[in-house]
Every structure is written in structure tokens, then in C-alpha cells.
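In the block that follows, a single chain appears as C-alpha cells, in the form predicted alone.
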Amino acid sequence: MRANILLSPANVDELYFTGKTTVVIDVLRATSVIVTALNNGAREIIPVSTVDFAMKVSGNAFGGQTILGGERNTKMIEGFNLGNSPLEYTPEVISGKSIILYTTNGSKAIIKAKFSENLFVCCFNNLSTIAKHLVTLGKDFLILCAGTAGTFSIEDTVCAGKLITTMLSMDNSIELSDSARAAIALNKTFGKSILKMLKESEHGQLLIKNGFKDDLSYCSKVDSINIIPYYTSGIVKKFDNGSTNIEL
């Protein structure tokens, strides 16, 4: 089994992911929202790459059973029901609903990796659950960090490094690419205090400035949720993490 990391989606096209096992990470905040929403009873998440497409899909969906969620430059989009704070996705609001999700970075990263053979969603909240499942699958895997507007973001890379470090504690025979080694090194330096790292990150600073300080505390929690979000046929759902086979 070999681990590789893309520090941004910018330098590859969609076909690059064909046949791969991919894990998408966007700690602040799209993958944290997806993990939270599915854990709180959302029926499914439909990631989209443009606001126009989000509106179009919602117009064709079942009345009252679909929620538009997401953000542009950290703030809720006009006409949407929810923003991109995981704290908004409570059971009372989203249980049983389909959520159409557009975000500046995370939803686009998932769409870019749509041709993957297996496509999972990870954040700090469900890190060990994903790690265990990847070790069980035993396949080469690629971690795609959503980054920020096509550039590097420290929080996604530290999360990737912590994911691989956790996997190495279960199977120390995993081969590492150069980018995987770099992410592990960053996790050793910055992963000891995840909340501090998030607060000092560029995107974390922007979120604090825009009133989302509490999101950083939520997104910093490791292993608070035990689910595996899996993308197939345009939607993200969760499945039984006790199974080695993917059945939705």
C-alpha cells in the first residue's frame, strides 16, 4: 500500500483520479460540514462546482426535502438556506434532507475527483475511522487537499499527515511519497495543538475575522464522529464502517 498527497487540486485534471482510491480533505470547512451533516441525519450530500448548478439542481428537487448549503468567501450565499458552518447542520434542521453543497474549495475538490474508484471524505472529526477503513481496503490511496483557491493550506496538509500517521500505527509497511513524508513532518510540528494551528492559519484567521471562531474549535476535534462518507453517482452518503465492502 502506498500513500500519496496532492497539496492542491490545481495541477491535475479529472481523469487523473480514474481508478484511484481518493480521500478529500477540506478541514475549514466543507468536509467537516459533510461529516457533521451525515452524522446528524442528512439523507445525502450533493456536492456541486458552481452556484448556478446548485440553484438548478435545487429547482428540480423534491419540495421541502432539499436544502441549499455552502458559502462564497466564507459567507452564506444569497438564496441559500445554510452557510458552511458545521454548527448550522443540526439534526432539527437537516435530518432526512438532501443537501446541495457548494463551497469555494471543498465541493469543487470532490467533483474534480469524481472518477475515483473509491472516494471518501475526511476531516479531523472522523480521522481514525477513515484511517481504519483505508488500512482494511489495503489499496494505494491518494489524499486530495482542497487548499484555498488552488493554493496550499496548512490545515488540510496537517490533517493528511495525521491521517497517514494514524494509519502507520496500524500498518507500518505503508510506502510514502515525498508529499506524504512532508505532511507527516508538518503534523509532527503543528498537529500537537490543532486548535492553535487552525487559529493561526490564513483561512482560520479569515474565519475568525468573519465571526466563525467557534467553527475552529469544532473542526479541531479529533475522532468525535465515527462515520465514513463515500461519494458515488454524484452524491455523498455514509455506509457501515464495519464492512470491508462498499454498499450504499
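Please read all numbers here as calculations on a predicted model, not as lab measurements. Sequential numbering from 1, following the sequence displayed.
Heads up, the form predicted in complex with a small molecule isn't pictured, but that's what we're talking about next.
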I46: touches the small molecule in the predicted bound form, heavy atom cutoff 4.5 angstroms: no
Heavy atom of N84 within 4.5 Å of the small molecule in the predicted bound form: yes
T103 within 4.5 Å of the small molecule in the predicted bound form, heavy atoms: yes
is_contact(T74, the small molecule) in the predicted bound form, heavy atom dist at most 4.5 Å: yes
Contact stretch among 176 to 184, 38 to 46, 189 to 197, 24 to 32 - heavy atom within 4.5 Å of the small molecule in the predicted bound form: 24 to 32
